[in-house]
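One chain comes next, on its own, written as structure tokens: the form predicted on its own.
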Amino acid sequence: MVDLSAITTNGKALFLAYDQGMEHGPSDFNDESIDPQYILEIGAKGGFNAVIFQKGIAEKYYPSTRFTRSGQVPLIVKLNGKTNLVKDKDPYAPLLCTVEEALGLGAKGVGYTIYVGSEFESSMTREFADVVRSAHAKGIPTIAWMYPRGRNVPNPKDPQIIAYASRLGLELGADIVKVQYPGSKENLQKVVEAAGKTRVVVSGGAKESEEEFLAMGRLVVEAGAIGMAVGRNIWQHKNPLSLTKKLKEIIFS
């Protein structure tokens, strides 16, 4: 298996996701969070295991001398993506960056979204198989965003379909799968079980109250996932570093 220590701490992980700009446009950002330097500051000062950027932000903002001095946060490059302007029922996120390009940008890991159940699922699984092959040849881990979507998926939050998606990640060779929270600790335990030796992180999703967000973090740990990949709940918060500290106490305790 590929060594995950560059993006984990004692087998646990907390990633700061900032790939929403491609998927959602600037609607999620305020005057502070629209600046990637602000995210790097949170990532470095908060001691995240990695920040997640698309290629363009990675090459223009990472590395940064300022944050290298203060403790550079590791980088995961998201290799594919799409906008939300095209309203096709069956989504497809094409490969936009290669493993080799990501390594050149300083990446310690790479990520790729598969819309499980989409009409274009086979194209994404084939692309991801190539990603795994290239990444593992270079000794870096792969993270698969496993999101059920499309006309064959009547309910993307169906716990059984999320468990199926996590199993598909294992079958494709992903080192970590990123899934949405399936509604309960018991459901997430089944997702983790289905993933086998592939590790599971849970998406933070849309912004919730601090209490709800931290409560979900506790259930994530109790269910056996290794941690979370969070974005809006952190960098939309009025005090991101305070919330980060509380979440780290839950995940790494």
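Everything numeric here is computed off the predicted structure, so don't read it as measured data. We number the residues from 1 along the sequence you see.
There is another form of the same protein, the form predicted together with a small molecule; it is not shown, and what comes next is about it.
The small molecule in the model of the complex is approached by residue 24, whose closest heavy atom lies within 4.5 angstroms of it.
For the chain shown alone, residue 229 is a contact residue for the small molecule in the model of the complex, at least one non-hydrogen atom being within 4.5 angstroms. Interface residue remark: residue 134 is not counted as part of the site for the small molecule in the model of the complex, having no heavy atom within 4.5 Å. In the model of the complex, at least one heavy atom of residue 17 sits within 4.5 Å of the small molecule. Residues within 4.5 angstroms of the small molecule in the model of the complex, judged by any non-hydrogen atom, belong to 144 to 152 and to none of the other stretches in 144 to 152, 95 to 103, 167 to 175, 118 to 126. The contact residue chosen from 56, 47, 196, 205 relative to the small molecule in the model of the complex is 205, the criterion being a non-hydrogen atom within 4.5 angstroms.
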